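First, one chain by itself: the form predicted on its own, in structure tokens.
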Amino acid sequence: MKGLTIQNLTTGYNGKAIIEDLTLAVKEKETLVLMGISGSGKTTLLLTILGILTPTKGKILLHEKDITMLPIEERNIGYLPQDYGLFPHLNVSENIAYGLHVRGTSEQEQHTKLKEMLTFVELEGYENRKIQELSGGQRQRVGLARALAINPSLLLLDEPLSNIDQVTKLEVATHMKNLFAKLDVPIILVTHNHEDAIFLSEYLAIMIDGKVEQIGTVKEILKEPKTPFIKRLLMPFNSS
């Protein structure tokens, strides 16, 4: 299958399994929001797909290629961590081009891709700005541009809206959702926030104790939550 396929995955830290026998698929051009409370295994799954953690069982296939044991740099995965992972000593252009520079891309190719990414995330004119001069939403877009500059085969985002203030959150989330619609790669976005999950997801997977308890469209899960816990997770202020 084109996209991401996870088969019978068991993974965790220091010999302790956080996720056991997990199977999941994300199609090409599909956005899957992975939602759960803290400790449910969401970030553990992302780090295993990325290659930071090594599973003890199972396979990870990306566009039908087995990447389970590949080193991080050979997986071609774009990753936006919760703090965006930007380098404060580099300006906007240098941050966006960092992954290309590490890969030994020519200066001309870097320049071309940089212009493309600045236009894509609507940050033209910000090339020489310091990271400290940017708003939270602008920093997020720089991090996203850097993740996309390498032409990734998969995009992973860990709580991308957690550092955005409530006043501008809708604007930032709308911009991000519009960008996702233009991408041709599978996307997994992790969040613990029910509003973010409902707004951003094309498909939603509810993760509890290292297992995907329910998966489907937001409408499907809201209409028929599998358990009372899932209902409370998605509708915390609905007591009925």
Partner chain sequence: MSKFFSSKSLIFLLYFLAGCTLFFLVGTILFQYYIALGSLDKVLAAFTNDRILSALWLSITSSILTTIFAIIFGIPLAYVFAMKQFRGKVPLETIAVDVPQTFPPVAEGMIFLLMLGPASPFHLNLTFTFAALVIAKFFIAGPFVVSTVTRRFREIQKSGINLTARSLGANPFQVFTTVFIPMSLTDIAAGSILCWSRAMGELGGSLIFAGVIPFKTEVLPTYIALDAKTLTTGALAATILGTTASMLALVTFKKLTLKGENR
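Quick caveat: nothing in here was measured; it's all calculated off a predicted structure. Numbering follows the first chain given and starts at 1.
Below, we refer to the form predicted together with the partner chain, which is not included among the displayed structures.
None of 163-171, 69-77, 106-114, 122-130 except one has non-hydrogen atoms within 4.5 angstroms of the partner chain in the predicted bound form; the exception is 69-77. Within 4.5 Å of the partner chain in the predicted bound form, a heavy atom is found for all three of Pro81, Gly85 and Pro88. Of the candidates Val26, Leu62, Val212, Leu50, Leu50 is the one whose heavy atoms come within 4.5 Å of the partner chain in the predicted bound form; the others do not. Proximity of Arg146 to the partner chain in the predicted bound form falls within the 4.5 Å heavy atom cutoff.
Using a 4.5 Å cutoff between non-hydrogen atoms, Ile150 counts as a contact of the partner chain in the predicted bound form. In sequence order, Tyr98, Gly99, Val102, Arg103 are the residues of 90-123 having a heavy atom within 4.5 Å of the partner chain in the predicted bound form; the partner itself is omitted from this view.
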